[in-house]
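As structure tokens, one chain now follows by itself in the form predicted on its own.
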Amino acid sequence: METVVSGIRSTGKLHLGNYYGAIQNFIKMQHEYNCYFFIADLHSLTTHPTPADLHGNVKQVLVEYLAAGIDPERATIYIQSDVPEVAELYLYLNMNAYLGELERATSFKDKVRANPDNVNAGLLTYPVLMAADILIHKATKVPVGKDQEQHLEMSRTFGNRFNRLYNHEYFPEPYAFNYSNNLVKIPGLDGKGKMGKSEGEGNAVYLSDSPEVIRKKVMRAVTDSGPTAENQEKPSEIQNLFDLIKVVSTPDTYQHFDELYNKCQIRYGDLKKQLAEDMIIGTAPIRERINDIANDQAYLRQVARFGAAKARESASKTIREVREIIGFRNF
């Protein structure tokens, strides 16, 4: 069975874009592949070296992924810092990562421009740590977005370089993997693009949002003054609302409002109210599970320890073999 590895950000709550995109793919993958899903708390330090509540952030993400459907009995879900072998492999790979190639990484350039006062070594070697996360389990499939494809290419480079330097075909080549070719893209409420925390709190509907909060956010969504001609093309901010309805509502609901729009009879207030209620209904089971799991400290502790043990079993085997290949020996 092929191995899949994917990192989960340790900062921020999960929103509908996460759920209908990556998480639903993870839920499918865990039934067909040997999956390792880790909460990337070490990675978060590259841009947030002094987090206000690192443990709280990690707990929130763990709770929400479990509530959304990740099964710790099927997939290995663990906290990155609970597996010290990752840091050890990161060290070995850093010895064979070159300054020039790291400085050319697009994400590094972007982060330097955005945070010129926090250009730390961890930020520079971020692709090496990502490679360690993948190679530690000898994964061949990595679900990543377009923004991470260059990092994945560098992971292949570091793995192949290790194989070549030590004359040992040890690490397999990992490749980008999407469970479905038709990935669901969830637009934001501001009408400017995809849903995401980086676009502002009002742009995203979070899985843990209360019904009252969801209603307020949706009612503030950007609209225009309405169509002026029958069957006219929808502007982007209106199309975004219809795209959201297509995901969370029934086909009949979508068709109803689409016909009203095409006849210049639509009332955006009614559309938003329906959209908000359908979002509330769709997220209700997850929201209830979030509350239940968050209050079950014993279960969370059990999941974290079980995941760490499973991840370390795989990681420690890799590190033993890597040390042997490099030439470390016990006296």
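No experiment lies behind these values; they were computed from the predicted model shown. Quick note: we count residues from 1 along the sequence shown, nothing fancier.
The same protein also has a form predicted in complex with a small molecule, omitted here; what follows describes it.
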Indicate whether the small molecule has at least one heavy atom within 4.5 Å of a heavy atom of Ala40 in the model of the complex. yes
Residue-level contact is defined here as any heavy atom of the residue lying within 4.5 Å of the small molecule in the model of the complex; does Ile77 satisfy this criterion? no
Contact of Gln148 with the small molecule in the model of the complex (heavy atom, 4.5 Å): yes
4.5 Å heavy atom contact, Ala105 and the small molecule in the model of the complex: no
Of these, 91 to 99, 127 to 135, 224 to 232, 243 to 251, which stretch puts a heavy atom within 4.5 angstroms of the small molecule in the model of the complex? 127 to 135
The small molecule in the model of the complex has a heavy atom of only one listed residue within 4.5 Å, and of Val144, Leu123, Leu207, Ile238 that residue is Val144
